Structures are given as C-alpha cells and as structure tokens.
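First, one chain by itself: the form predicted alone, in structure tokens.
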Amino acid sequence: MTNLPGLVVTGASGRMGQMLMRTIQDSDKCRLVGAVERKGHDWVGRDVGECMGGAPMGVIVSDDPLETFAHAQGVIDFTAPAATVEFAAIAAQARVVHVIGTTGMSADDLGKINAAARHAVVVRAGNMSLGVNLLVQLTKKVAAALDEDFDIEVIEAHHNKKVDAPSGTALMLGEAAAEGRGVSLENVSDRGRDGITGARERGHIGFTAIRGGDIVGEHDVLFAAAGERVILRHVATDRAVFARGALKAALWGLGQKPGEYDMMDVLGL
C-alpha cells in the first residue's frame, strides 16, 4: 500500500473534509498521508480517525501545510477562499497536485491560483460530481438551441451552513447558459430580486438561492417561454459524490503537466 499515491485533505474537520478522508481510506488507488487544520484547532496533534469518532487511521492532524504537503503527491481542498489561495502557493512550492472544490472566490483569488498553476497541476471546479458536469454540458446545448423567447433561471438549494450564494455550481450553470447563447454572464446576470424590480429583462439569466436544513445540493436550470418550460435538474443526496469526483480529479492530475484544469478535462467532456 505504501507505493500508492499519497493524498492530503485540508479542512479536515469539515463535512467535506471528513467525507474525503473516509473516501480515500476506502480506496484501493491511493492512501491518506496527511490532514491539515488551522492553528489552534482542537484536532491538531490528534489522530484523524479518533477525531471522527472511530478507530485510529495512523494520520495525525497538522497545522503545518508545507511540511504535510511535502510528503504527498496531491492535496484535496474544500475550505475557504483565503485558505485555498494560501494552499495553492504551498502546493505549487511542493509541486503537488492541488484539487480545489472551494467556491466563493474573487477575481483576485482566481488570479493567484492561476499563477500557482504555472508550477503545479491545479484542478478547480465548482462541483466535482459527474452528474453536475453532464448537466453543465446539457445546459450549454439547450441554451444554444433555444432563443431569447425562453427565459433562463438557475435555482439552487443547499444546507443552512453554506456561506456563499449563488453556489459555485449555479455559477457554472449560468456560465454554461451564457456561453451557449454567446454572451457574457457578467452582462446578463440577475441576482437577489427584491421589491419593485420591474419586468424581467429579455435575455437575462436569473439566480435564486435557497438555504435550509441539511440539503446537500439541488440545482435546476429552467428555460421558460410562453406555454412551455424545459427543466434540467440534478439532485445530490450524499456528499460522497463530490468526494469521489475529487479523488478522481487528484489521481488524473498526477499524470498532467502544470496548468489549471477543470472537471471537464478530468472527465474528457
């Protein structure tokens, strides 16, 4: 087993962090060699298995990402924008694959990640699931086929702990719809309607975000015209779909040249 690629999970105590570590531990294609948490976190210095309420895994949680990354071939990162930017620079320094599922990043954050990708492989996606990435492709094709008589709305729902809106997946879908229509999403995006907004603008793409309970992730792309509607939908009921996709991305990245990639590259779509 020691000859299998070694992976590190950042944000180890989070929902996705724990799911990722379990997925890696159950895989016969890689092994968990490190887990990272922020300085002062009560998991630091303890075995991750015991932290998650199970048997020891033989991996101690660290607050030193550089030291941890140095012993791995890849890092899977579902954290927060500021942390991800920091991890990108460290992963580039360590020349390890950096899989990024973090959302809500600014243009400046993305620029720094792109700079890191000159030295290492970065696979970044707003959603790692196969189904969602197929939905993105379908959205682009349907948007290209239907003219502006069809209004486009992206509706997404997530759990009540999610901090960014619209979701990264919703933005992926919006970008796909805009690309299908040959326009820039920045110029046609409608968000957060409230009060007397006036009639809907022809050709715009609307976004609605729902937050509640423990919803894992639901995304609808609605194409609505007079007398008919087309609805494309993806529902995730288990975070394992994202973890499996991230693991696939990390293993795929091991054979690539430095650069920034996405799940379309990983899946060959």
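Bear in mind that the values here come from a model prediction, so they are computed numbers and not experimental data. The numbering used is simple: start at 1 and walk along the sequence shown.
Separately, the form predicted together with a small molecule exists; it is not shown, and the next lines address it.
Novice: Just checking whether residue 162 would be counted as a contact of the small molecule in the predicted bound form - the rule being heavy atoms within 4.5 angstroms.
Specialist: Residue-level check for residue 162: yes, a contact with the small molecule.
Novice: Residue 174 versus the small molecule, in the predicted bound form: is there a non-hydrogen atom within 4.5 Å?
Specialist: Residue 174: no, not in contact with the small molecule in the predicted bound form.
Novice: Would you classify residue 180 as touching the small molecule in the predicted bound form, given a 4.5 Å non-hydrogen atom cut-off?
Specialist: Although the small molecule is absent here, residue 180 would stay clear of it in the predicted bound form, with no heavy atoms inside 4.5 Å.
Novice: Check residue 230 for me: does it contact the small molecule in the predicted bound form (non-hydrogen atoms, 4.5 angstroms)?
Specialist: No - in the predicted bound form, heavy atoms of residue 230 and the small molecule never come within 4.5 Å of each other.
Novice: Please determine, with the chain shown alone, which of 67-75, 190-198, 134-142, 121-129 has non-hydrogen atoms within 4.5 Å of the small molecule in the predicted bound form.
Specialist: Heavy-atom contact with the partner occurs in 121-129.
Novice: Consider the chain as shown here, without its partner, and state which of 224, 57, 209, 216 has a heavy atom within 4.5 Å of the small molecule in the predicted bound form.
Specialist: Result of the distance check: 216.
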